[in-house]
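Just one chain is shown here, as structure tokens, and it is the form predicted on its own.
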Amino acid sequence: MSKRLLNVLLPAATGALFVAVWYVVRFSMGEEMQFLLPSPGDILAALHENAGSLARAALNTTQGALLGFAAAIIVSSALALALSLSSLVRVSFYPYLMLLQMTPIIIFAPILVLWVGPGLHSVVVITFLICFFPLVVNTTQGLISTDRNLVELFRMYRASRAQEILRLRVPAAFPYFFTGLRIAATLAPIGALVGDYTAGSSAGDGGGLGFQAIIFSSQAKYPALFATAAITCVLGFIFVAFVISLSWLVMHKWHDSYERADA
């Protein structure tokens, strides 16, 4: 059996086993409690029944996730470059980056609503805050972890500071950057969902999946609630798949990890 076929069959078998266990657990709960764990069939039916509202909510959540994710990439890349240029800059700013990471977003959300208003703006800011830290930390680490021998070689040939950064440090930081990007891609839909749940608004059909989850929960529509969670997972897979594809496109011709995988 080929490795490629095995890579398809094993996840499929694991998924089938997971669904089987799901049904076993559900039936073991008794009829009076089964509403707490809808069957996959019930979730698919709820997905079909609420397709219109879920599609609009998914588009709104995707918009907030994309904008926050893109803003995090731009700002973190610029800041990581600045942090990598001077140890004094890193010492000065790094504690505040840690403070930002440890700030509870759910507490910060009401403040954001006062500052930028409910809806998309707050969702974008919350997504940005959640995605920003893994990007800036990983990218900075990559920029300062360049092979010392190569750095000395560039300086021996009197390469300019810009040449050292653009032709050596930035390419060397790509594996670190894409690691942070993959983490941020996983967090972006979750950040948008949390942002919409805590600071979203349904004005002008602007509510996302988080706002839709509030509605389904208040109406005790548990299969629809599970369907909302499933759509969020799909969004996360799409974001991560894009990052993995971009990583392969940038690095597969020269980075050792891809060369070994292709061997």
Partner chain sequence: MPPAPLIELRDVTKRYGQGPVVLDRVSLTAQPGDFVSLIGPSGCGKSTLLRLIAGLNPVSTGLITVDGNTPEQAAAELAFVFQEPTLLPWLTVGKNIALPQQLRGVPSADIGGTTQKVLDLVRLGSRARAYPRQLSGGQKMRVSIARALSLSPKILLLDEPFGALDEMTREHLNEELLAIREHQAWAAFFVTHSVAEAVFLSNRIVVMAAGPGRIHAEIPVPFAYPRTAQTRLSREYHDLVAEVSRVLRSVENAAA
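The shown structure was predicted, so the numbers you read here are calculated from the model rather than taken from an experiment. Numbering follows the first chain given and starts at 1.
This protein has a second form, the form predicted together with its partner chain, left out of what is shown; the following refers to that one.
S.K.: Since only the chain is shown here, I'm wondering whether P110 would be in contact with its partner chain in the predicted bound form (any heavy atom pair within 4.5 Å).
M.R.: No - in the predicted bound form, heavy atoms of P110 and its partner chain never come within 4.5 Å of each other.
S.K.: Should M102 be classed as touching its partner chain in the predicted bound form when contacts are defined as heavy atoms within 4.5 Å?
M.R.: Contact with its partner chain, no.
S.K.: Considering non-hydrogen atoms and a 4.5 Å limit, does its partner chain approach Y157 in the predicted bound form?
M.R.: Y157 belongs to the contact set for its partner chain.
S.K.: Can G117 be called a contact residue for its partner chain in the predicted bound form at 4.5 Å between heavy atoms?
M.R.: So G117 does not count as contacting its partner chain.
S.K.: Which among 147 to 155, 183 to 191, 129 to 137, 92 to 100 is in contact with its partner chain in the predicted bound form, heavy atoms within 4.5 angstroms?
M.R.: Contact criterion met by 147 to 155 only.
S.K.: Any residue of 168 to 187 with a heavy atom within 4.5 Å of its partner chain in the predicted bound form counts; write them all down in order.
M.R.: The stretch 168 to 187, when checked against its partner chain in the predicted bound form, contributes L168, P171, A172 at the 4.5 Å heavy-atom cut-off.
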